[in-house]
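Next up: just one chain, as structure tokens, the form predicted alone.
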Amino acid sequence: MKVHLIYFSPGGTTKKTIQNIAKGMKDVEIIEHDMLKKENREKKYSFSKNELVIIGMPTMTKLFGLPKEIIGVLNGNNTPFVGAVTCGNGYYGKALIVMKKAMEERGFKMVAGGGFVGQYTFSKELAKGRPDEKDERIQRKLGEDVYKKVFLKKDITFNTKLKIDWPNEGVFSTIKCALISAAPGIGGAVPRSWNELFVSDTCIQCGKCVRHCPVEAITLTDHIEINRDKCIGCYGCANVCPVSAIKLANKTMIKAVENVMKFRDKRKEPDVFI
């Protein structure tokens, strides 16, 4: 029995989350597809009804990153899937609902889903170390339950109502969530005007950011250059920098992150649907 893990994980926490879900399953063949890699997003994938797909993406009220590009290369044949979305101790908005609709249009059947917490993309202090041991237990349990449901009971129904996870961060965040939720498309994005990054003199030119960038927006000659027209604002480059040389430069984005830090100080627990 094959279980395919499909993930877009600039910071690494979405990848950990769906790997933890898969750890709850036994006697299965695990196949991973890292959609940070451009060559993987350029392939075409077809899955049978006897396989299981676990797909994970970060959120910005809706799916964040390159969701249209990723889901657009996936084709199912009544293939069961588990949807996992991750947020930085805040809210995942409409992301699971959007994922379910987009995947089912491609021939998949949702059998379970979850909104999970990962270390915040723009600050290593918020939700630090998550998913942690408690999260992993919940994620493994979901994997165990999906294994019993799909592989043992041959049940690919899903009668649980998904919800919009509304923010608890003041009126502005609620309005923003509502507007993004109502907008067309399956993805949310950092505005182009907000994605400016600063590379400090501590840069050691190791090239990790170049190799990690999902859209080839970073080049290294005698210094690091970031093409803002290509950049999607995932901040993956900063997350892999060994000397923390890459930082936010846009004042609006810096202020937004500071605001997030004030509202997300209390632990948020995962939401699981099966």
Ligand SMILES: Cc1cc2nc3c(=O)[nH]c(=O)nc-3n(C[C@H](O)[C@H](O)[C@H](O)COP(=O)(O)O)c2cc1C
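All residue numbers refer to positions in the sequence shown, first residue = 1. Note that the structure is a prediction, hence the values are computed from the model and not measured.
The same protein also exists as the form predicted in complex with the ligand; that form is not shown, yet it is the one meant from here on.
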Query raised in the report: Non-hydrogen atoms within 4.5 angstroms of the ligand in the model of the complex: do 23, 111 and 139 all have one?
Result: no
Report summary line: With a 4.5 Å heavy atom cut-off to the ligand in the model of the complex, the contacting stretch among 241 to 249, 202 to 210, 226 to 234, 39 to 47 is 226 to 234
Query raised in the report: residue 218: heavy atom within 4.5 Å of the ligand in the model of the complex?
Result: no
Report task. Look up in the model of the complex whether residue 67 has a non-hydrogen atom within 4.5 angstroms of the ligand, and give yes or no. Result -> no
**Report entry** Any non-hydrogen atom of residue 119 within 4.5 angstroms of the ligand in the model of the complex
**Finding:** yes
Query raised in the report: Is residue 187 close enough to touch the ligand in the model of the complex, meaning at least one heavy atom pair within 4.5 Å?
Result: no
Query raised in the report: Which pick from 88, 80, 83, 143 sits with a heavy atom within 4.5 Å of the ligand in the model of the complex?
Result: 88
Report task. Quick one: name the residues from 39 to 74 with any non-hydrogen atom within 4.5 angstroms of the ligand in the model of the complex. Result -> 58, 59, 60, 61, 64
